[in-house]
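This document starts with one chain, in the form predicted alone, laid out as structure tokens.
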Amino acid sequence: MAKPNKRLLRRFASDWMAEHWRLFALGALFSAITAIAVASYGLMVKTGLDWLSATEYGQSDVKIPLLNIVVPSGKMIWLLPCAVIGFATIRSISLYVQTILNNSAVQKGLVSVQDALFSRLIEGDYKRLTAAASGEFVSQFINDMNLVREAALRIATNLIKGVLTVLACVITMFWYDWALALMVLVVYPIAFAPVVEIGNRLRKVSKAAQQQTGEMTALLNEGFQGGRTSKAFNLEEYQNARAHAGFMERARLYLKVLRSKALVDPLLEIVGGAALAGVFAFTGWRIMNGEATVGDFGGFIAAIGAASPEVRALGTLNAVANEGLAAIERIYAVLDAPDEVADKPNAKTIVDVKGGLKFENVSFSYGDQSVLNGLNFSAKPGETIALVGPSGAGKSTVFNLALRFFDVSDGNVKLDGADIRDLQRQSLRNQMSLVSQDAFLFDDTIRTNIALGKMDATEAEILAAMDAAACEFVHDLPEGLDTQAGEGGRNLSGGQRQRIAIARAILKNSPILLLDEATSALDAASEAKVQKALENLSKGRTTLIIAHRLSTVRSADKIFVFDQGQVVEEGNHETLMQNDSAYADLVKLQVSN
């Protein structure tokens, strides 16, 4: 289990962090400067204690370690403090620069990860977007990225700085007393076996905690977005109970993670205490035998003191790295997932579309639920086709397949005689304009939401599309076209949102129109205006209309009646009414209501 994860960590570094190696290299350089500055504390403590001892015994000179020079005791009173301040200043500056460099490198790398993850989700399978709750994806961009950022920063900063600092301190300790240093080196590594095991266990728990965070995010989004339904049905108690269960599970997993992480410091504390006790005993014995000085002892303790925080940081680094690794596994699970609906290597770009659309013996299922069963129907270029029938009969699925959000399980969907699986998806979707009953607007201005139909549209074209879609209400808004639509179009009514969506489709000016209950949220006056606009727009275009309100499909060239994923009747309104069968029954049912 560990080896694949190590490979994944190396892959993550290669994919996203290697590009910024210059920043990391400079960070490592300043980490080395920091390590040298920290290790110097032990030398300065030894020098200070030797100076004080020499002064106590009336000696006039002090020998400075490593530099091998002799300094009069009187000069040490200002020389040593200046040295301490100088090395502290060097360490402070190098720490600051190292932190800025590593943070800049990691942040640049994570922006690339976020771009790739978002692009993969948006450009990949529509099925993936609909298969999981949106909160799961949001959690990856917030919670998982925070864990990856923390792990990457700790590795870039603490690993290099910690290893170099400990190495410098160990060299200093060996210089003072090789036997004593050897004893310390034997004791400390003993603690790291359980620390590594704790990290491995933590990765599994952390992965479950991150997944639960996604579920919790989805639950909260659902609770807030469903506020109207909750209040209408007095579901506050039900919502509170669901949220409480989620909070409790979050707390349980958090405490489970915390218990694992909390074990690390106590283990290192015990080992550190044992090492310090051994140093006191062993050094005291050597001083009593004249084999060491008080300065040696002080310098050795200072070196241990400088190394101990870094050893502790390295110990906790394993836990942090494993949390980050669990997040990286979740990220790559999305990035590496194959697309079920993808362009073929030789996919064609379609141009000069006439608009002939044909479903040949099409079958399709959502999981185990069969929706279409050998569906056959066709629309000639320029025809207006209506799809009617009970809910769940497969009408909206026809649009999903025509736009190639999904691929058929069996049969073919053809555009102008070409199997749409042989066409580039972007090229295919450029030929179609979709207006759904759940008209979605982005949190941007009304102008931008309309212009999404044609990104280079002029102001005149936008205004013309607005007028055609009966969007005169926009002129009455305080900021007109610059009014913010809000999240999902929340600042507008349902009917207003739908008219903006229709204007967007009109502006796109595609040869094929897909209208899925496009006028369902409009009042009678607005519907009449929009219907007239859509009739004008439909001229010369292939138009497929899904409508439960059958008054909107009377003028269609042909009506296909769906039932259980098949066409059970077809013809124009007059013909179908004369047949006095399924369509006629639907019309009579609506009239009676």
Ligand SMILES: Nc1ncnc2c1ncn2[C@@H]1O[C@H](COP(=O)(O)OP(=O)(O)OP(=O)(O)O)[C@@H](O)[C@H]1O
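Keep in mind that what you see is a predicted model, and the values were worked out from it rather than measured. So that there is no doubt, residue numbering starts at 1 and follows the sequence shown.
Form predicted together with this ligand: not shown, discussed below.
Taken together, the three residues Tyr366, Pro390 and Gly394 all come within 4.5 Å of this ligand in the predicted bound form, as judged by their closest heavy atom. Residue contact check for Thr448: none of its heavy atoms lie within 4.5 Å of this ligand in the predicted bound form. This ligand in the predicted bound form comes within 4.5 Å of no heavy atom belonging to Lys558.
Though the partner is left out of this view, Gln484 does not reach within 4.5 Å of this ligand in the predicted bound form, counting heavy atoms only. Using a 4.5 angstroms limit between non-hydrogen atoms, Leu428 is distant from this ligand in the predicted bound form. A heavy atom within 4.5 Å of this ligand in the predicted bound form is found for exactly one of Val371, Leu423, Leu515, Met432: Val371. The partner is absent here; in the predicted bound form, the one residue of Gln239, Asn491, Gln437, Asn143 having a heavy atom within 4.5 Å of this ligand is Gln437. Exactly one of the stretches 157 to 165, 394 to 402, 80 to 88, 320 to 328 approaches this ligand in the predicted bound form with heavy atoms within 4.5 Å, and it is 394 to 402.
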